[in-house]
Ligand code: HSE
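One chain follows as structure tokens, the form predicted alone.
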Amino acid sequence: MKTFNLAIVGLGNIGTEVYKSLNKNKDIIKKKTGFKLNIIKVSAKNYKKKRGIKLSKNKWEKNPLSLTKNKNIDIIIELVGGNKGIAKKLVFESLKNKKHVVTANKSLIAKYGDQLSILAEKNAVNLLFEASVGGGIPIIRSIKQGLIANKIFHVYGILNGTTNYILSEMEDKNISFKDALIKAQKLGYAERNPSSDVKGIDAAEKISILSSICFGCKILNKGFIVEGITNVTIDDINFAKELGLKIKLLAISEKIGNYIKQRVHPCLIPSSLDIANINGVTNAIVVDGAPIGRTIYEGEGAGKGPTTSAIISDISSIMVGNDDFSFGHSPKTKKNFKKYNFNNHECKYYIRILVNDKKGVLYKIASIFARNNISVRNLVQKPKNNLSNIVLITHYAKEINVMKAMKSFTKNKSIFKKTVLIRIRDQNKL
């Protein structure tokens, strides 16, 4: 019976949980795969840190890069994080030295996934990263293997549990973004520095990975719309409720001819829809393809349990040899699709403008809209002390025209104190 020797680099919450779970479940894994596994080396910044596990000194490796040249190691598990420094060097060197790699590092894969997959194929080893998208949801393997016979043309969903939790708390508890963020940090759902989550960067890296897997394209990791939830206020949450809508941060990608239309931004969607009622830290991913139609995946998007589950799934996949290509396609067949010009995007828009409550304001708004060929479907005005919130829902309008109008509002701060724009998602695509 073959034994696979493993090394774990990075012993934070996830790395420690992986170590514990592999040791606890090695007999179950052996029964299910027919192979033994053995953790022979671990590496992290501080050997003396209390982790609740016993580490013998002969297992400890101070220099993680030396593991890439250790002939006894078959699989290296990278759990350091980040797309530079030791994480980048470790993964590149591991693949060059014919080591299989399992990682949860979405940032590294989104930036260097194309290069790394070429290196993995060249050296006949696996680079697997199920844990990088969707936590415990087996979305990557489902697309690569379960939907292998399908032509996929649309993927979207809630890919960030932190922002989904914050928006859910704002709605349920009627609290501000700031208060909901503080609560998320106290519960461990948000980092001390939450910018990657709340600015949409985390979701953008994940949709970049999913796009490449779904469409067989090279990774699009820059030059597309990425907006977070930092401008969403409790006023917007409450106005959305009145309109029968909910606000969700969605990551969306579509293949339209030879173009990839990829973006991340808050969306207003009907409250009656299933995805509108995905709350808390839960993730949900929708895949449209032919001949299958629509498939929906839902589950915990983060945390040590779901992430550990995905990592062990990748390790087991390497052991049984049922996962050839990192992105489900040979790197040689991946195509350079053109990036869709988002200026041509058309949808309905929610625009909230906080204005000085005085005569002539509505006329100025109407003039700006008329100049930019935007027509208004609904308008609500709500006074607020000496100010007033004017909420407008447009008819279908072009992105470029709406952006021009928004610039006109921001130029005149003596009248227009604040503007918030949220795109309304076409119900036919949900």
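Quick caveat, the model's predicted, so the values are computed rather than measured. One-based numbering along the sequence shown.
Beyond the structure shown, there is the form predicted in complex with L-homoserine, which is absent from this document and is the topic of what follows.
Is there any non-hydrogen atom of Gly113 lying within 4.5 Å of L-homoserine in the model of the complex?
Contact check for Gly113: no, nothing within 4.5 Å of L-homoserine in the model of the complex.
Just checking whether Lys248 would be counted as a contact of L-homoserine in the model of the complex - the rule being heavy atoms within 4.5 angstroms.
It does not: once L-homoserine is placed as it appears in the model of the complex, Lys248 has no heavy atom within 4.5 Å of it.
Residue-level question: is Lys206 within 4.5 Å of L-homoserine in the model of the complex, judged on heavy atoms?
Yes, Lys206 is a contact residue.
Hey, in the model of the complex, is Gly301 touching L-homoserine, heavy atoms inside 4.5 Å?
It does: once L-homoserine is placed as it appears in the model of the complex, Gly301 has a heavy atom within 4.5 Å of it.
Given L-homoserine in the model of the complex, answer whether the residues Lys106, Leu159 and Thr162 all have a heavy atom inside 4.5 Å of it.
Looking in the model of the complex, the three residues Lys106, Leu159 and Thr162 all sit within 4.5 Å of L-homoserine (heavy atoms).
Of these, 196 to 204, 175 to 183, 341 to 349, 250 to 258, which stretch puts a heavy atom within 4.5 angstroms of L-homoserine in the model of the complex?
Checking each option against the 4.5 Å cut-off leaves 196 to 204.
Note that L-homoserine is not shown here; using its position in the model of the complex, name the residues of 110 to 129 with a heavy atom within 4.5 Å of it, in sequence order.
The stretch 110 to 129, when checked against L-homoserine in the model of the complex, contributes no residue at the 4.5 Å heavy-atom cut-off.
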